[in-house]
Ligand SMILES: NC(=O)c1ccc[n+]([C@@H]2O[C@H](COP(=O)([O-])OP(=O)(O)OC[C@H]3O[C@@H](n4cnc5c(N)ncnc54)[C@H](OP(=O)(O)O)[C@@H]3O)[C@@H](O)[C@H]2O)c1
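One chain is shown next in structure tokens, namely the form predicted alone.
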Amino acid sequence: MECREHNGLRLSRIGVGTYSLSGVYGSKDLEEYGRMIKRACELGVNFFDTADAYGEAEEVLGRLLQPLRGKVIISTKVGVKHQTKANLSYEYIKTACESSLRNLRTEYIDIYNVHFDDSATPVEETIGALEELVKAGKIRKYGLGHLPAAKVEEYINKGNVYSVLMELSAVARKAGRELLPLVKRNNLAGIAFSVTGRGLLTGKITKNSRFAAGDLRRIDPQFQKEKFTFSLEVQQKLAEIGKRRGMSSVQVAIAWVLAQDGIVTALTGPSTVAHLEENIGGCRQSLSPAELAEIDRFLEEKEEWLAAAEKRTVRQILSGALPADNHQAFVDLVYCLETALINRYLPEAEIMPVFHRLFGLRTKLDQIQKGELRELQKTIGAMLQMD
């Protein structure tokens, strides 16, 4: 497989992410997962990404990669293992790093990533901890993930950032628009994740798909309302282009991500050998300039429709009666906040405290009174003031 060298690390064009091991998409067959990791290495994949917040993912990955440690690049994340709010304090980072090193069965981490923003900790304090870990040989590089562009720029200006993780796919282009200019201007490594839209661009998910209890996609806004319609239409467009090229829609989706200027590697989340091998096919063929332009024209037209439809739906949810079922009411309010966050209706710092309040109710929906959700509905409506 082709690799790209960037500032001292040589990364395979396709990487393997381990978010699925956290259980958000249901349980996984660990024996098949092990075969998939072994096959990935055989096919030239050398970049593996995990996080201390992904359940037992670090331990699983560490066990599987230990015999190959000198040949692979391991990336993990810090900040939200024990709480919903991020903690990037000096002491927390130093302690969490030691735990990750033990879990991964390694003496060093290649890329150690800030997982989410911690507004309570000064950036200088976080960078100080990361720089000390570099000097101690505990980590080689450090990167950023899930941060707003302004905070990414602050880290860049004050530290020695190596990479920026960003959600980037044909159904989620906003982070790329904001972050790729910073990546290119500062010669950082752009690392894309969720490149197949959490499976939406594979063609295996349809409007009739149903997800098991506990599967995050049951509440993920990308699988709700007009966002879901939009994503399925994009998948059909990619399938149409793929048919002309002898590629699957997921391979076209991955090839599109890899064609974005500034992206060094694309993280995929396979759990089986077959899934892995199909994904790898996405880096074996490049899309032509004409094909890329065709996709972008289609996306621009559909995104314009989506933006208008999302506003209408958010207004309806916030101004009308919530569904009688608490679970559906919860999903609708998550949709409003996620849409507000992605579309920048308000700064992230204003949205996240309310999001944490709402998400804290997720495991109590069968016990809480409807009034708690109505109160949050009013709070969100007052914040957004949708006209």
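The first residue of the shown sequence is 1; numbering continues from there. Please read these numbers as outputs of a predicted model, since none were measured by experiment.
Below: the form predicted in complex with the named molecule, not depicted.
J.: Checking a candidate spot here: are K85, K151 and R177 all in contact with the named molecule in the predicted complex (at least one heavy atom each within 4.5 Å)?
T.: The answer is no: none of the three residues contacts the partner (heavy atom, 4.5 Å cut-off).
J.: Of these, G242, G282, G269, G190, which has a heavy atom no more than 4.5 Å from the named molecule in the predicted complex?
T.: None of the other options qualify; the answer is G269.
J.: Let me know the one among K158, K204, R218, R102 whose heavy atoms come within 4.5 Å of the named molecule in the predicted complex, would you?
T.: Checked against the cut-off, the match is K204.
J.: Within 4.5 angstroms, counting heavy atoms, which one of the listed stretches 117-125, 301-309, 272-280, 104-112 is next to the named molecule in the predicted complex?
T.: Heavy atoms within 4.5 Å of the named molecule in the predicted complex occur in 272-280.
J.: Residue-level question: is S12 within 4.5 Å of the named molecule in the predicted complex, judged on heavy atoms?
T.: Contact with the named molecule, no.
J.: Give a yes/no on whether V250 approaches the named molecule to within 4.5 Å in the predicted complex, heavy atoms considered.
T.: Taking the distances in the predicted complex, the answer for V250 is yes, it comes within 4.5 Å of the named molecule.
J.: Test of understanding: in the predicted complex, would Y335 fall inside 4.5 Å of the named molecule by heavy atoms?
T.: No, Y335 stays farther than 4.5 Å from the named molecule in the predicted complex.
J.: Hey, in the predicted complex, is G262 touching the named molecule, heavy atoms inside 4.5 Å?
T.: It does not: once the named molecule is placed as it appears in the predicted complex, G262 has no heavy atom within 4.5 Å of it.
J.: Who in 160-196 is close to the named molecule in the predicted complex, meaning a heavy atom within 4.5 Å?
T.: Result: L165, F193, S194, V195, T196.
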